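Let's start with one chain on its own, the form predicted on its own, as structure tokens.
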Amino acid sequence: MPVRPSEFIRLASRPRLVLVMCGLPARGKTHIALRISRYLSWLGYRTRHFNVGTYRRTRLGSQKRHEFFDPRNPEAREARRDVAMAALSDLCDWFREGGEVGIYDATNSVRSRRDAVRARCENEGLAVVFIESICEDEALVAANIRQTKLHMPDYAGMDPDAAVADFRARIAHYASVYEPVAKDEGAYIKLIDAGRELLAHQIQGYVPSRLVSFLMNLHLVPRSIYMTRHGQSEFNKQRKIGGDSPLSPQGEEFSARLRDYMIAEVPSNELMVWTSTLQRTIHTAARIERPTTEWRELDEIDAGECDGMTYEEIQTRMPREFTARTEDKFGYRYPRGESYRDILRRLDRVIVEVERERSPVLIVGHQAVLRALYAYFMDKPTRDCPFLEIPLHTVFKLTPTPYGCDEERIVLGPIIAKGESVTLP
């Protein structure tokens, strides 16, 4: 089967990139690695995270106390090296199977270890970028230990104060030999104090450059992101796709309930409200009486020549288009319109902005767009976007955590009569 030009360009230019995490324990390396993995996977790159700590617990067992991490303990040092090299070998094997971006997550605290990692990767024809997390803010380190490290399998059932003391002793062992990444080691990105400052050196290529922009906007400030579709529209009732129809009476009632919920949930002076440029989202958010940012990137998928039609009409008038969409809902592009893949491209800017925002954000959008955003936050395969359930009159409260995102669904109603609720593109 011949390769289409766009596919050829992608195959010819696909990255073979290893992101090597570096830094002392409790500096947020795994948190950063997981965020990178989620972002690049969402953009469509075959990405995998290799965590050396997980390898160590699997192969050597957990419940390792700080003495195991003492550089003066030769047996333990050799055991840790073997585990690290096993993870690196698996990473290289994965690239031979078609991997594009591998994330090698370990302390990599001394130059000799980083040199070994880089040499092995370059021998496999893989580019390397070091990502070093530096934390000079003791309050951030203490918070990270309490929030994440005490929940590690290493400290299961252990007194919290004793666990903190042991982990701080572990940090001290690494700090005694730590060597920061130097300029002559090649390309690197240094994150200081969870995004307070970023340094980039010898960064070249599309993916590393995108990562610089993405990492510049990461932060650890706790806040929630609220997402909801607009209230039911007149086109919803008629089972038509696209358009710019007004809200139905049920949609107006949802708008009032959304206002009441958000007032009770978030102080009005803290809430950011984002909508698309279409009237059904603008009117849904209007009662909240907060300054609203309208994003064209949040507009519903462009149905092109099918705009304003029902799917029954498309099946009758354009049977080939109906079949093509049925066979590949993610890749299918409406005639003179868009596909889900197109939506992901235009939402890249929204993702970076929502990661940057430190206040709670309410996004009032459309089903296809919110499916793509939900896939990003909940780390779902992008090809599953067309099948994710984003019902009308439901608020999705998503709260980022160090290792993922918590989800809560709040159904605000009103109940829609049978036959009026519709699954849109």
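Values in this document were obtained by computation on a predicted structure and should not be read as measured data. Residue indices: 1-based, along the sequence shown.
There is another form of the same protein, the form predicted in complex with a small molecule; it is not shown, and what comes next is about it.
For a residue to qualify, one of its non-hydrogen atoms must sit within 4.5 Å of the small molecule in the predicted bound form; none of His31, Asn144 and Tyr178 qualifies.
Only one of 212 to 220, 239 to 247, 99 to 107, 113 to 121 lies within 4.5 Å of the small molecule in the predicted bound form by heavy atoms, and it is 239 to 247. In the predicted bound form, no heavy atom of Ser41 sits within 4.5 Å of the small molecule. At a distance threshold of 4.5 angstroms between non-hydrogen atoms, His49 is out of contact with the small molecule in the predicted bound form.
Although the partner is absent from this view, Val395 stays clear of the small molecule in the predicted bound form, with no non-hydrogen atom inside 4.5 angstroms. Using a 4.5 angstroms threshold between heavy atoms, Arg27 stays clear of the small molecule in the predicted bound form. In terms of contact with the small molecule in the predicted bound form, the residue from Arg168, Arg346, Lys329, Arg196 that brings a heavy atom within 4.5 Å is Lys329.
When you look in the predicted bound form, the only residue of Tyr226, Trp274, Tyr340, Tyr188 with a non-hydrogen atom within 4.5 Å of the small molecule is Tyr340.
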